[in-house]
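So this first bit is one chain, no partners, the form predicted on its own, shown in structure tokens.
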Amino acid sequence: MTTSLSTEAPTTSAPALEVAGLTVTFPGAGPRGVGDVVALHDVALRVEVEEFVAVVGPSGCGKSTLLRVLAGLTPSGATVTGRPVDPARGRDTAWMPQRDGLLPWRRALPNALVGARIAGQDRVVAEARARALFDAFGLAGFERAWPHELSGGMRQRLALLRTCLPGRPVLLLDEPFGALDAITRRRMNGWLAGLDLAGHGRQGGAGRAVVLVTHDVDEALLLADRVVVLSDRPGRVVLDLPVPRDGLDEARRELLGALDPQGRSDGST
């Protein structure tokens, strides 16, 4: 069953996000004179409205760096060349980092309202929307719970609710379930798939563009419309694969092959 979010994002002209020829370089540092580090090289990525794109790749290939650039957050000290997304578009994005970042001195509902309040939304309106989303996110009844009283999965759902609440047309998710155990992660993936964050076919064209960074090929295939594979550092796009609605075994083999071009993959991620 698919659940539609009640918080509607404003209509965004296509594409929602686009980078071309993106290269990100970090200056060398340290007593041994380590040279400059090229994190991303000549990356091109286009994401449409109502499209969910997953980005996978080896550790250290620049996935999180790419997400920061898409959010308009140029990494400190980095040199960015090419044609990244217009920095002004950073105001249209909501970014969820790997850690939930919940404030331990705020109960669940006030935590959910943090992003909306920073965005300058009316408190009464934002609170009404948040209460409606607590049910969709499986958190009904926990509005007054402290963060330490929530399970790991509930904390991540609350962090995602906080990210969605301002109604930004672009959601950037940096391994939101990476710290969870395997069973909880699979359950969270199934729940998120039913939530339809991108709003496919939402009335009035008010869907979102969603970019998810993950190490998990199965998570990417379950949630995304397309999966983009980055190579080892410097990260560059080596595969851009539309996810078929059936025949996922072949898509999985193709993704694993792109992740391990030397053929050393044992089928795990």
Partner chain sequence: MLVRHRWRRLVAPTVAGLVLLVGWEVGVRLSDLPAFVLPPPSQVAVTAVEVAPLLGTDVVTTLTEAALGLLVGALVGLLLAVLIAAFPWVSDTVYPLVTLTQTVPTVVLAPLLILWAGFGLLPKVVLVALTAFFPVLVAAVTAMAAVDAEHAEMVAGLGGTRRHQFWLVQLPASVPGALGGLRVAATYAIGAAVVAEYLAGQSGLGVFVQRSRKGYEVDQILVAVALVAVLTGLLFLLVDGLARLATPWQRPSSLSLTSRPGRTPA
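Residue numbers count along the first chain shown, from 1. Predicted, not measured: the structure shown is a model, and the values here were computed from it.
Form predicted together with the partner chain: not shown, discussed below.
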query: Option from 122-130, 161-169, 182-190, 136-144 whose residues, in the model of the complex, bring a heavy atom within 4.5 Å of the partner chain; finding: 161-169
query: D174: touches the partner chain in the model of the complex, heavy atom cutoff 4.5 angstroms; finding: no
query: Any non-hydrogen atom of A78 within 4.5 angstroms of the partner chain in the model of the complex; finding: no
query: 4.5 Å heavy atom contact, L109 to the partner chain in the model of the complex; finding: no
query: Contact test in the model of the complex: G153 vs the partner chain, heavy atoms, 4.5 Å; finding: no
query: The partner chain in the model of the complex - contacting residues of 43-68, heavy atom within 4.5 Å; finding: R68
